[in-house]
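A lone chain, given as structure tokens: the form predicted on its own.
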């Protein structure tokens, strides 16, 4: 199948890099988004999200005209749906964005087109939700147009590289659809392209992130056990991982982002009777921010009126993505306990959390603090010199929830340093 013009619906953390990558390979791409701020930013030649290298590519393909932006889909050879799939408070998938995107394609869908769903979705979404909507056009999936599910499988901070190099899974509602999807993504994908059916492809995406979530959950439980038994969990993990068949992950303040913290719930929703392990892992990781706040309270005492400096709010290091971030949850919990919280997130200094003061600089974030809480291992924070920091703040209690600061160096600089999961070396 040949493609000259494609339409990508949703210009977020996946849609915009995907649109830019196709455009940089010579295709005419129409990027669609309903957010007026997104449209305005792109029409001014600027990417509205941070991802290494993305700004330069976006500026180039917009300038050359290979990428154009629109508020609604136009006729094209292929349509890619890359909108969010959040969940409701009861942990059920919110497919309203997917439905709306599919509905927006109906008026411009033509015989011979390809439609791709990339949004992470519960199993059977392509077959039971998207297909019936598209067929309102009067066209039949598999006969008149091709339909596939092909999930993104990239790491924020390395999206542009991994879009090209990672293996791509393409699940069609039939073999011809899968082959059409292969033809589309082979335009830029250098990794292996694996063809399967749509529901298997949906499940593969969820399995990958659920596997990681379960393994993080056991690491977080180990950190809690280490606190109870007077052990340094980081030392214990290092020793355990010397076993040739053991690879324990690192604990932390919780699990965030729009994949690992969300995707397992789609399995739980779809088959609650078959997923007790997955459900329990989710509960463990969702409760880890509470564990961090409890640890913090044990160290500093009553939080009422305490001036707390938080370093990092992103869900992972060196990105500006704060979706489902456990650090944000911890900040809110501290406020609820009466703390006066100042947060410094270098990648998004204008982020807003109710009753949390956002600092523009590290120095501003640390001034007048009673205690410092490190929640994200941004490179900028990992490389901090404790001697220099001692000049920025009168605080002498620091809690490292991600294990990046050297205990001895911080102790020599006059700090009482506490690490998550390390009761063994605690001075307090």
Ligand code: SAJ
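Numbering follows the first chain given and starts at 1. Quantities reported herein were computed from a predicted structural model and do not represent experimental measurements.
Omitted here: the form predicted in complex with the ligand. The next part is about that form.
Q: With the cut-off set at 4.5 Å between non-hydrogen atoms, does residue 152 touch the ligand in the model of the complex?
A: Yes - in the model of the complex, heavy atoms of residue 152 and the ligand come within 4.5 Å of each other.
Q: Any of the heavy atoms of residue 208 lying within 4.5 Å of the ligand in the model of the complex?
A: It does: once the ligand is placed as it appears in the model of the complex, residue 208 has a heavy atom within 4.5 Å of it.
Q: Within a 4.5 Å heavy atom cut-off, is residue 255 in contact with the ligand in the model of the complex?
A: Yes, residue 255 lies within 4.5 Å of the ligand in the model of the complex.
Q: Please run the contact check for residue 315 against the ligand in the model of the complex: heavy atoms, 4.5 angstroms, yes or no?
A: Close contact exists here: in the model of the complex, residue 315 approaches the ligand to within 4.5 Å, heavy atoms only.
Q: In the model of the complex, does each of 83, 130 and 171 have a heavy atom within 4.5 Å of the ligand?
A: Contact check failed for every one of 83, 130 and 171.
Q: Among 304-312, 350-358, 260-268, 142-150, which stretch has residues with heavy atoms no more than 4.5 Å from the ligand in the model of the complex?
A: One stretch meets the cut-off, namely 260-268.
Q: Scan 300, 216, 95, 78 and let me know which has any heavy atom within 4.5 Å of the ligand in the model of the complex.
A: For this set of options, the contacting one is 216.
Q: So which of 106, 193, 249, 240 reaches within 4.5 angstroms of the ligand in the model of the complex, heavy atom to heavy atom?
A: Contact residue from the list: 249.
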